[in-house]
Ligand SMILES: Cc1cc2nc3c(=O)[nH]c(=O)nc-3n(C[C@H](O)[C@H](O)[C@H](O)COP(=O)(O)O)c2cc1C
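Next comes just one chain, in structure tokens: the form predicted alone.
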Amino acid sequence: MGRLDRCVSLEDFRLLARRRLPKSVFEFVDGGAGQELTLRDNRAAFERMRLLPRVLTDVSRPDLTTTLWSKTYPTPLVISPMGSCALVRPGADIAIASAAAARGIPYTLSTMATTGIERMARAVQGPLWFQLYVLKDFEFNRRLVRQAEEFGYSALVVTVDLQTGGKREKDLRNGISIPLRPSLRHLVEGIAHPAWSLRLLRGGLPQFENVRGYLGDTSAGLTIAARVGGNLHAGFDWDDFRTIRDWWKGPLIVKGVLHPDDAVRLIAAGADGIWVSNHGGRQLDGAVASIDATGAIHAAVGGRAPVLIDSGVRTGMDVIKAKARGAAASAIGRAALFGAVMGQVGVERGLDILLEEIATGLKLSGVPGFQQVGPALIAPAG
């Protein structure tokens, strides 16, 4: 625990991951698309915001609860869907989900997760959501949705900003590809990080379990993922969305929304939640920062559905700022995965740091409860 005790922020976990992971793997997780303009602006936009705190308010018992679809959650956090987690550490998916479940935090399982829908449901007793990448084969999409329903996932998250894969220049330079093709560079990196290499050898190469057998292919999961990448449904449209809406009876959240007009139309088409996201800066480089898009979307939705946000959330103050812009919950991806470098205890420590920061931030802002955070907490620009 000694090394964990020295981690006092999520940035500390990022720096620890940079030391403990091969450069190509770290940059695969940490990097973004193109020139990484959006990746950087996701942080810069949060950092530009300033708060105007109040005083002489009883903040002795800060309330971190938030409400989504008439259900109260103990924290305003969600875990974002992430694929390839096992590249960081075998079993990282379940480690993150278990740590989240113990704190009542919903875990969103990715279509491209390295743990399957059934296995995750049997391993974790906590709120689980399933994220769907829409593939050309609609019968396969339907099979995934039915499986998520069968195993008790309480919400469906449909990602709409992956018409094709973003250009990840660092991955191209580092030779990180799917399927993984080990090179001399990777061998040298592996030798320089023996603990990581040994864990990967013991755990086996990651398998993208939810798409095993897709198109009748029974080969290794990474090979399947390459085939799936070529089968993303770039023609996904409003009629297709309504079809998916008809499949799912519970809350349906649409992830990857940045334009308020799209948010309004999605609510009219049956969406129960809007997840503001630019995919962590990993898709369209030059897209607006998520926090900068959130206020207009919240205003457009007008309370008809909850707004969530991801992309750039790294501190408890970010979560409070997002709520001031209208986000009922904030999702973290990389921040949780960096904690997983140290296993489940690392994720637990990272989540607790974030929750402590939210509680401290509420106290110092003079706001007794998270749900009472509003736009008045944001200082006027200039």
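Note that the structure is predicted; figures quoted are calculated from it, not measured. Start at 1 with the first residue shown and count on from there.
What comes next is about the form predicted in complex with the named molecule, which is not displayed.
Contact check at 4.5 Å (heavy atoms) against the named molecule in the predicted complex: all three of 110, 282 and 310 pass. In summary, the region of this chain contacting the named molecule in the predicted complex, judged by heavy atoms within 4.5 Å and restricted to 94 to 102, 119 to 127, 191 to 199, 273 to 281, corresponds to 273 to 281. Out of the listed residues 316, 333, 32, 346, 333 is the one that sits within 4.5 Å of the named molecule in the predicted complex by at least one heavy atom. Only one of 159, 75, 174, 207 lies close to the named molecule in the predicted complex, with a heavy atom inside 4.5 Å, and it is 159.
The named molecule is not shown here, and in the predicted complex it never comes within 4.5 Å of any heavy atom of residue 295. Using a 4.5 angstroms limit between non-hydrogen atoms, residue 291 is distant from the named molecule in the predicted complex. None of the heavy atoms of residue 89 is located within 4.5 Å of the named molecule in the predicted complex. Taking the partner from the other structure, the named molecule in the predicted complex has no heavy atom within 4.5 Å of any heavy atom of residue 114. For the stretch 69 to 83, the set of residues having any non-hydrogen atom within 4.5 angstroms of the named molecule in the predicted complex comprises 80, 81, 82, 83, in sequence order.
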